[in-house]
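Below you'll find only one chain, the form predicted alone, shown as structure tokens.
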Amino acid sequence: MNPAEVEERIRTLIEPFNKKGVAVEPATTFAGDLEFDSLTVMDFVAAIEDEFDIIISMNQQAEIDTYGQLVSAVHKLQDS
């Protein structure tokens, strides 16, 4: 799956979690812009893992602050 396809699928998955209707751009942050709390992050990560059949470790999650970083990480995890 190419990066554009990964991005499109993640964009669809993020919609139910984007309660404030924030415009999602590569630099959009989960904690600051989208105001995700820890429970929302856990639910969202579970949805991503299920959709792409990958595992995102806690260490990897700690390094992902923005939407763009997430798209890149998911794409890399799919290739490994």
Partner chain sequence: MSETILKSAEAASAPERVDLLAKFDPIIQTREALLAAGVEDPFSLVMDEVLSPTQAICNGRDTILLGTYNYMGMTFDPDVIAAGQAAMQDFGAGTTGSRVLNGTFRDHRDVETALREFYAMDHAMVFSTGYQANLGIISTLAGKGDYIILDIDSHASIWDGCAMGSAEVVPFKHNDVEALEKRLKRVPEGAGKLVVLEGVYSMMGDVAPLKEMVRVCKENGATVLVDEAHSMGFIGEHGRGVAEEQGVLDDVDFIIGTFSKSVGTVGGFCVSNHPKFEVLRLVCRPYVFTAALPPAVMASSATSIRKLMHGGNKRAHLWENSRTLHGGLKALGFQLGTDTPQSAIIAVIMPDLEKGAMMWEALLKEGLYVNLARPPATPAGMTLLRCSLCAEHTAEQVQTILGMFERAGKAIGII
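Quick caveat: nothing in here was measured; it's all calculated off a predicted structure. Positions refer to the first chain, counted from 1.
From this point on, the text means the form predicted together with its partner chain, which you will not see here.
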- [ ] Answer yes if any heavy atom of Ala31 is within 4.5 Å of a heavy atom of its partner chain in the predicted bound form; otherwise answer no.
- [x] no
TODO: With heavy atoms only and a cut-off of 4.5 Å, decide whether Glu35 touches its partner chain in the predicted bound form.
DONE: no
Open item on the list: So in the predicted bound form, is its partner chain close enough to Ala27 to count as touching (4.5 Å, heavy atoms)?
Closed with: no
- [ ] Answer yes if any heavy atom of Ala62 is within 4.5 Å of a heavy atom of its partner chain in the predicted bound form; otherwise answer no.
- [x] no
Task: in the predicted bound form, residues of 30-63 near its partner chain [heavy atom within 4.5 Å] - done: Leu39, Met42, Ala46, Glu49, Asp50, Asp53, Ile54, Ile55, Ser57, Met58, Asn59, Gln60
